[in-house]
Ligand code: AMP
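Presented as structure tokens, the chain that follows is alone, the form predicted on its own.
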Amino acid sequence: MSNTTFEQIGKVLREHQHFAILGHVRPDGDALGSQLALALSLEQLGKDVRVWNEDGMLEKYSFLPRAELLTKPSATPAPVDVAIALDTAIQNRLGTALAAVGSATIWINIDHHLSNPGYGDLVIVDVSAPATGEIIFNLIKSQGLPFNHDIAENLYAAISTDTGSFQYPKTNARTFAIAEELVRAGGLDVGKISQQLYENYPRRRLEVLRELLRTMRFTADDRVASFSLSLKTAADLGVFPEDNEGLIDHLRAVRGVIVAVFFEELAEGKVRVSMRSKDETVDVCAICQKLGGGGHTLAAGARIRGGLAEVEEKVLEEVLEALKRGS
């Protein structure tokens, strides 16, 4: 954990009035749930809180308590006392939410990504935490900040989604203990929340998966699996960016696959690359950092300028090199 303490952050949260809580572009459940949980706790303290994400609240997470609080950023930059970046490894990945903060007396950076360089005035980057939601839980509990059912449900969703429903390697006894406390203290209906998180996808998500599987390829004696989504296919199917979340897990789940890669063509002449590894000797964060991105050892990503086929070959070449070094 970084040098900043929860006590220092707790003091700032109590002493200031105007806050902006920000999350990364293309948000996931951890970013959105963490943002809402901290915002609701601060609201209970009587604070003025803006909760911004470049993409706003995603359709699939709109069931989260008080989801309406999370909006797209203000078009006019607004001054705040404190800006808080959650679950965002690189500051510019805040996108338009960063530009919406006209000025801030203090910047707080709370995250769990290995590639986070520690931007901001107060920084907690806990790479041992499987989700930023776990860090926010620890902050709220250690500082005696307000806590209720709505906060608990947002944190549960944050932790559940970023641990792959409590399956990923960093999930430990502490994670389950926190989940137990959230369920017990918040009076949560785990079955209902899980159904909303994992069994409530739009049909178009299945249709895009069908098209992705048509592009599936295996290399390196089936140790590397990849698929790709072109702009044309996405447009034809009316795909929302959020529809792609988790689809890479279908590749990762194949026996013998060590690295899975998802290539998504973007409108601005770039390709979004998502990468997963099942072996810590193949560090996909290191691969993605080399390509201008970052993340975790077993889950990382990057945005790379170039055409789809060109980027695929370039990235797969890097993956094969990493496999050779790790073997």
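Each residue number is its position in the shown sequence, starting from 1. Not measured: the values here are computed from a predicted model.
The same protein also exists as the form predicted together with adenosine monophosphate; that form is not shown, yet it is the one meant from here on.
Contact check at 4.5 Å (heavy atoms) against adenosine monophosphate in the predicted complex: none of G186, L188 and K192 pass. Among the residues R50, R66, R272, K60, the one placing a heavy atom within 4.5 Å of adenosine monophosphate in the predicted complex is R272. Scanning A97, L212, V82, A89 against adenosine monophosphate in the predicted complex with a 4.5 Å heavy atom cut-off leaves one residue, A89. Although the partner is absent here, R223 lies well away from adenosine monophosphate in the predicted complex, with no heavy atom inside 4.5 Å.
Residue contact check for A300: one or more of its heavy atoms lie within 4.5 Å of adenosine monophosphate in the predicted complex. For the chain shown alone, R252 is not a contact residue for adenosine monophosphate in the predicted complex, no non-hydrogen atom being within 4.5 angstroms.
In the predicted complex, adenosine monophosphate stays beyond 4.5 Å of every heavy atom belonging to K170. Proximity to adenosine monophosphate in the predicted complex, taken as heavy atoms within 4.5 Å, picks out 290 to 298 from the listed stretches 51 to 59, 32 to 40, 290 to 298, 66 to 74. Of the residues in 34 to 70, none comes within 4.5 Å of adenosine monophosphate in the predicted complex through any heavy atom.
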